[in-house]
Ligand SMILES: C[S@@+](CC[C@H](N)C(=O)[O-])C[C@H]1O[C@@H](n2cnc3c(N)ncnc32)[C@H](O)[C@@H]1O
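Only one chain is shown below, in structure tokens, and it's the form predicted alone.
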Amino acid sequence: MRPPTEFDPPPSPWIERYAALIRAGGRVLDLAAGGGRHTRLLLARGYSVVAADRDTTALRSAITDDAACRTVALDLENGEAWRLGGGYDGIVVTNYLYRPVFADLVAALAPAGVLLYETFMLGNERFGKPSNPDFLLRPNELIEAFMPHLTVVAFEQGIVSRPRPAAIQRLVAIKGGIIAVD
């Protein structure tokens, strides 16, 4: 794995904070992994990672020679069936919204698997992209989408100032019952 540089965006504090809920040494899906900021974090914490993105060019240059990581080039929005398998102890999704995969995310989690989700919501158009309402969550949409299927551990929505001003929603949810949190 290539060490991060000063130009790499840091991991989301939300993901850093709640990644510890994922079973130690578990298998994690980093969906829409981009340049690999969360893949690197997860690998450094000892997880086995499947890093998937439509374009894996940046990801492959960031994550090199790591047996614990498999990169997958995949367009989730092309209408094909879910091809990423299941049994994940954790799934991380940041800065990506494609509502038709919500059910696939739930199905892909192992029992006691943890979903860590953070993306933009309505109001973000004031701060820049994304600004298209199709790519912005409605108020409470994330919790309403997952609460019937997962146990919600944490949820936030609103305006953040770092790493840049944005309107976001964040969710941590577990498949099945509650797990111990220190």
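Values in this document were obtained by computation on a predicted structure and should not be read as measured data. We number the residues from 1 along the sequence you see.
Here the subject shifts to the form predicted together with the named molecule, a form of this protein not shown in this document.
Contact annotation: the named molecule lies within 4.5 Å of heavy atoms from the stretch 25 to 33 in the predicted complex, the single such stretch among 109 to 117, 42 to 50, 25 to 33, 149 to 157. At a distance threshold of 4.5 angstroms between non-hydrogen atoms, Arg54 is in contact with the named molecule in the predicted complex. Heavy atoms of Phe102 never reach within 4.5 Å of the named molecule in the predicted complex, leaving it off the interface.
Of the residues in 72 to 106, those that come within 4.5 Å of the named molecule in the predicted complex through at least one heavy atom are, in sequence order, Leu74, Asp75, Leu76, Glu77, Thr94, Asn95, Tyr96.
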